[in-house]
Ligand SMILES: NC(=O)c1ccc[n+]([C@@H]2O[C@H](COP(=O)([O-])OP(=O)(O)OC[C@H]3O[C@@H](n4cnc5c(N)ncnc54)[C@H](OP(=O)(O)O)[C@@H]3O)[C@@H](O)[C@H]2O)c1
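Shown here is one chain on its own, the form predicted alone, set out as structure tokens.
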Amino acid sequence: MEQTRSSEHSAFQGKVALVTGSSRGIGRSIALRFARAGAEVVVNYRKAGGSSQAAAEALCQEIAGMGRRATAIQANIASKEAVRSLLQAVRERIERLDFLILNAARAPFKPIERLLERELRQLVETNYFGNIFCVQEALPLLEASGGTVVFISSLGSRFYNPAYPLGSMKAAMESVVRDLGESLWDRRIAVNGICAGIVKTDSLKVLRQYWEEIDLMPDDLFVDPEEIADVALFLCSPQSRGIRGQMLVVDRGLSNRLYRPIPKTMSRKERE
């Protein structure tokens, strides 16, 4: 075990990971995982001031407590200028980038047919344009380091999920992962993604309001954010060198079958 940890640390020592939308949830777990592996982390958050900035700064302090460097940079990736400033800051302050983790996402929980025009634009600008802006601006740094891009998707890209229009943008980006996996290969940049199942984050509380049946799911089918982080780290490691333009499904087998028995509830007699 110690030999494995030492090998992992050496693979990420001196490397830099930028994780978009990393002040909370899956992004936060990914940032912490890379820091534990020895990498320096750039923590990106969307809005200056308020809880998002406070959470990003607290995360940087936690990473610093591990003896690793961490930098919090504000940028709303829906804006090309903001993304350009984000990557310019990475170039000036850190001078390299090895891993770009595209985790940031923003969308209302609402049926597609009820989306307002501003909500549709937000959906596309953040979850499609924004991710591509990040790749475009990061290309020089990633090419110099022979870096890696990892996109975080979800099962909503493949299966109907009530009031979850974000799934359509995740599906679009999964196609982008395939295309970039091919187009950037000759530039020594690896591109892959993770299709996550039902992950235990704050958004799960909101999802329960629209999908009551989710409470019938067995606990062992819910994914911990750390499990997504582990796979993100793997896709950035030398051990993933044979994987190109692929989406790895991390859902504890949830999508393996169409039918699952409904968990039995206790009878009144058993409860008494």
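Nothing here was measured: the structure is a model prediction, and the numbers come from that model. Heads up: residue numbers just count along the shown sequence, starting at 1.
Keep in mind that the form predicted together with the ligand is missing from the display, and what follows is about it.
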| property | result |
| --- | --- |
| Partner-contacting position among 182, 202, 92, 117 - heavy atom within 4.5 Å of the ligand in the predicted complex | 202 |
| Listed residue (196, 123, 189, 138) with a non-hydrogen atom within 4.5 angstroms of the ligand in the predicted complex | 196 |
| Partner-proximal stretch of 93-101, 173-181, 138-146, 153-161 relative to the ligand in the predicted complex, 4.5 angstroms, heavy atom | 153-161 |
| Joint contact, 78, 105 and 166 to the ligand in the predicted complex, by non-hydrogen atom at 4.5 Å | yes |
| Distance check, residue 237 to the ligand in the predicted complex, heavy atom within 4.5 Å | no |
| Interface membership of residue 42, the ligand in the predicted complex, 4.5 Å heavy atom rule | no |
| Contact flag, residue 208 vs the ligand in the predicted complex, heavy atom cut 4.5 Å | no |
| is_contact(residue 68, the ligand) in the predicted complex, heavy atom dist at most 4.5 Å | no |
| Sequence-ordered residues of 40-69 touching the ligand in the predicted complex, heavy atom within 4.5 Å | 44, 45, 46, 47, 52 |
